[in-house]
Structures are given as structure tokens and as C-alpha cells.
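Shown next as C-alpha cells: one chain only, the form predicted alone.
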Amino acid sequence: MKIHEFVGKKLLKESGIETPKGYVIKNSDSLQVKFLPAVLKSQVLVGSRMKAGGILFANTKDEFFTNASNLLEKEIRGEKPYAILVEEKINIKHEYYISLYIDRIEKDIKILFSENGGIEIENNKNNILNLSINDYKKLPDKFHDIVIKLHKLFTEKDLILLEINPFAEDENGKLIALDCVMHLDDNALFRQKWAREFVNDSYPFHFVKLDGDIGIIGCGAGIVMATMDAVNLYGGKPANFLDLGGGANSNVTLEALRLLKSLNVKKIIMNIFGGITKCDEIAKAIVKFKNENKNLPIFVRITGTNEEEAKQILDENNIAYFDDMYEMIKFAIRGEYQ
């Protein structure tokens, strides 16, 4: 799960990392100037905001209101902003790059570091150090304490990526995190209460949008996470976390299916274990949705309460289903049976 910059900055500050003074504006009614000059930053979860016009500057009140109003309405690479982060403008003497990430092959937290950060970092790949977290003392002395704090934050918050670019040195030699990219492990959402603010609770089910293209629906957080893990195992990428919860009827299930379709997913995987939930209610929703969306593939594993009635409904409408979760997911991702 990608985390908005202003949330990441708050966590950095709580961890003892210097960040610019700032505040968040969510709509035009709350526009106010607290200081100038200011940097106005669209809070979207896509990359390269600067190059896409998502970061603007304001030296006067007129510039502030004009640019802030524009950013609140402007889509950045197809994404509408959650808010605007307003920050004090820092006089930069030098820009560094640092990130912590999980190396799944070496099963280690690694550090990427460059003496030359900034928006052109991709052109500087040959000069980026790649170190084990235990080798942090190979970095310049002034980053040792910073890395210790970042590593503590990384592990405590169940992150899989923490990137700061640029980590600026101002004219007084102070190191300040000017940007923050933070990715939270989706499987740890249940214990990271701070991230709940961005889990959409306006639906009659538990839903979190992710970055992939395969829609996931299940009954119960555990089975949804197990499904997501299996999708990843076979090379797919979940577009969401969606737990119907207990007792979902056909209307709730249909709303969930329509929501996933609105995300432009390539296929939907439904892993249903009916306890309180009645499988025939789920099947009725699947039939109605398939009649509306004949070209969107749906892969269904369904078992539990009223299972036979559900399978009869699916059979009567020529909708295939699976009895085994892994068989279904492997077929959905790779087109292979076990």
C-alpha cells in the first residue's frame, strides 16, 4: 500500500528526522496562507510529480491561491489529488538520495545511497551504493544516526520501501527530508492502525486499493490475504484488498464486483468460504454481474453454507467454479491446472 507523502513526513518527524514545516489543505474552502515562500505539493500516489506539474511554488499570496486552486483540481498522471501539502521553501545547498528496501532474494533490508540526489536520480544509477543495512557505517558519518532512525521506522511500521529524495542539506548544514515515498506491506495492514485513515470505510465491506490489475474478493480478512499471497506467488499482482465480511448478501456482493470493475481490473478472483455468508447469495450476484460484464473473466472458488444451491445456480448459468483455491489461482494467473 502506497502512503501519501504528508503521512510519511509525519512518521519521519515522529522518528526524529527533520522535515520542512508544513500543513495540509484538502479543499478550496480551507485554503489559507500560513507562510511564504511556499512549496505546494499535490498528494497523489504516482511518481514523477515534479515533471508532471504536481509541484508548484508560491512567492506571493496571489500565486499561492492560483496555484493551490489549480493543484486541487488537477489530475496527475490520471490520479486526482487527495490533498495539497504546503511546505516552507528550503534553501538547498546539496541533495542526497537514500532509500531502504527489502531484498527478497537475500532476505535482508538494504540501503541505496547516492551523494547526488534529486529529480534526475535515474540518470545517476551507476553512482548509487547498494549496501546491507549492517554496513550503514560505510555511508558518510552524518547519515549514520539517520539510518538507524529510518531502520527503526521501517521495521516498526512494516514498510517494504522507504525512499527520501532529495535528502537536502541546507545552507546551515542541516539535513532535511524534502520528499518521502513509503510503501506499507499489505499483509501487515491489520496491525498498522495509522494506515486505517486511508482504508475506504464508505462501502459495506472492507476495501483497500492497491497497485495491481487483478481484483480480489473474499469472505474474511485471513482468506483475502491468503488469496493475495497466492496471487503474488503465481506471478500476479492484486489490485485491491476486499473482504465482504460475514453475512454479505447478493446486493453487497454485486456492489463489490462493480467497484472492482471500475478499477479496470483484468480479471477477478473470488475466494468464498461461506460461514455466516450464504453461498447462494454470492452466486446470485455473480450471475447478475456476469450478465452485465460478459468479457471480464471471473474465477470462483466457493464452499460453505448453501454450497450446493450456489453451485446449482452457477451451473444453470454456465459459470465455472473451482473447489481448490490454489488450483483456481494458478489457472487464473498462468492458465495452468495443478
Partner chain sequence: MINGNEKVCVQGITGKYGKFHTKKMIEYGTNIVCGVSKNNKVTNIENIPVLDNMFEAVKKYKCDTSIVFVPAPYAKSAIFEAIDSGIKKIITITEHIPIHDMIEIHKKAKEKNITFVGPNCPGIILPGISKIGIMPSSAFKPGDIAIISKSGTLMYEVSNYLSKKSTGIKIAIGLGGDPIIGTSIDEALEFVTHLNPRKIVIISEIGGNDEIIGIEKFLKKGYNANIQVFFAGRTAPKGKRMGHAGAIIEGYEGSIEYKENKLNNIGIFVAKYIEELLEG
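Under this definition, the rigid core comprises the largest set of C-alpha atoms superposing within 1.5 Å between the forms. All figures in this text were calculated on a predicted structure; none of them were measured in a lab. Numbering follows the first chain given and starts at 1.
There is also a form predicted in complex with its partner chain; it is not shown, and the following applies to it.
Student: Please name which of the stretches 162 to 170, 231 to 239, 256 to 264, 67 to 75 has residues with heavy atoms lying within 4.5 Å of its partner chain in the model of the complex.
Tutor: Of the options given, it is 231 to 239.
Student: Tell me whether Lys51, Ile90 and Leu175, taken together, all sit within 4.5 Å of its partner chain in the model of the complex, counting heavy atoms only.
Tutor: Contact check failed for every one of Lys51, Ile90 and Leu175.
Student: Of Leu139, Leu112, Ala83, Met225, which residue is found within 4.5 angstroms of its partner chain in the model of the complex when only non-hydrogen atoms are counted?
Tutor: Comparing distances to its partner chain in the model of the complex, the residue within 4.5 Å is Met225.
Student: Among the candidate residues Ile276, Val46, Leu36, Leu31, which is the single one with a non-hydrogen atom no more than 4.5 Å from its partner chain in the model of the complex?
Tutor: By the 4.5 Å heavy-atom cutoff, the listed residue in contact is Ile276.
Student: Flag Asn249 as yes or no: does it have a non-hydrogen atom within 4.5 angstroms of any non-hydrogen atom of its partner chain in the model of the complex?
Tutor: Answer no; every heavy atom of Asn249 is more than 4.5 Å from its partner chain in the model of the complex.
Student: Residue-level contact is defined here as any heavy atom of the residue lying within 4.5 Å of its partner chain in the model of the complex; does Lys284 satisfy this criterion?
Tutor: Heavy-atom contact with its partner chain at 4.5 Å: absent for Lys284.
Student: Does its partner chain come within 4.5 Å of any heavy atom of Tyr326 in the model of the complex?
Tutor: It does: once its partner chain is placed as it appears in the model of the complex, Tyr326 has a heavy atom within 4.5 Å of it.
Student: Under a 4.5 Å heavy atom criterion, is Gly220 part of the interface with its partner chain in the model of the complex?
Tutor: Yes, Gly220 is a contact residue.
Student: Could you list the residues in 80 to 113 that come within 4.5 Å of its partner chain in the model of the complex, counting only heavy atoms and keeping sequence order?
Tutor: Those in contact are Ile102, Asp103, Arg104, Ile105, Lys107, Asp108, Ile109.
Student: On a core-based superposition, does Lys330 travel 2 Å or more at its Cα between this form and the one not shown?
Tutor: Yes, shifts by 2 Å or more.
Student: Taking the rigid core as reference, does the Cα of Gly245 move 2 Å or more between this form and the one not shown?
Tutor: Gly245: C-alpha displaced by 2 Å or more between this form and the one not shown.
Student: If I superpose the two forms on their rigid core, does the C-alpha of Asp170 end up displaced by 2 Å or more between this form and the one not shown?
Tutor: Asp170 C-alpha, core-superposed: shift of less than 2 Å.
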